[in-house]
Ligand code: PMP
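The chain below stands alone and is given as structure tokens, in the form predicted alone.
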């Protein structure tokens, strides 16, 4: 029997207004054109997480982190929510913070693109810009230092180590995939950033059916252009990451993900972000090795926050 707080989570979101209640229940798209060369017994799907009100999958953990902190008295009145971000989690915090009246301070690397910076400022978040050469790991260190220096001013959300991150996916993303596939899902493919998506969704699916295969996706090198993903062997490893959980890790090249992003836009009509394209490339690789199966890739966000990237014009 599966033990989950899914119902409690759903009821709690309603208490925080219609914006919070709209998080989750995102559509599942059949990738018909991308999968047309697969074996007849294989189906390839994508979960479209940009349908969340904040525009990405990060709305799920952000909401659960905030709800948990409020319930435990960690985010008392007057405190600011503080965390590091490369973009999407920050946008989720800022979106929910604006709706709930919670002030938000975010540490973000200086090389984050203009679209993300603009969205965060529009939502009223206070931004602290960290060294672009140190990337997301450098932003984590700055956020930790700020939280340690002023513990009465900040609630440090700490998305990389906070179990409320992966629990959000255990409570919502996992049950949705079982329902949407009629329980037939055989493979889950998800990118590794904080790792919350794979950890939480994967644990739920394993409880539902131990035979489900879990595939993590990461860049093939420490220096890469796959926004939101970590090269786990060389990066700070999130405290919530369990390397024993995935059955396999697929490494994706930056240029291959760029090509896949263009392909998804022009063949499937799905304008997605870089991490979604990386997940699609890995999922197609997994699906191509099967004779039978239902493979689901998690698409964290749409491509609108990446419009300034030059790779979109390639091949026109």
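In this text, all values refer to a predicted model and were calculated from it rather than measured experimentally. Positions refer to the first chain, counted from 1.
A second form of this protein, the form predicted together with the named molecule, is not displayed here; the remarks below concern that form.
A.B. asks: Sort through 228, 175, 109, 246 and report the residue having a heavy atom within 4.5 Å of the named molecule in the predicted complex.
C.D. replies: Contact residue from the list: 228.
A.B. asks: State the residue from 192, 143, 168, 104 whose non-hydrogen atoms include one within 4.5 Å of the named molecule in the predicted complex.
C.D. replies: It is 192.
A.B. asks: Want to guess which of 127 to 135, 68 to 76, 220 to 228, 91 to 99 is within 4.5 Å of the named molecule in the predicted complex, heavy atoms only?
C.D. replies: Contact criterion met by 220 to 228 only.
A.B. asks: 196, 300 and 306: each with a heavy atom within 4.5 Å of the named molecule in the predicted complex?
C.D. replies: Contact check passed for all of 196, 300 and 306.
A.B. asks: In the predicted complex, does residue 58 have a heavy atom within 4.5 Å of the named molecule?
C.D. replies: Yes, residue 58 is a contact residue.
A.B. asks: Just to confirm, residue 64 within 4.5 Å of the named molecule in the predicted complex by heavy atoms?
C.D. replies: Result no; residue 64 lies far from the named molecule in the predicted complex.
A.B. asks: Could you list the residues in 271 to 285 that come within 4.5 Å of the named molecule in the predicted complex, counting only heavy atoms and keeping sequence order?
C.D. replies: Stretch hits: a single one, 275.
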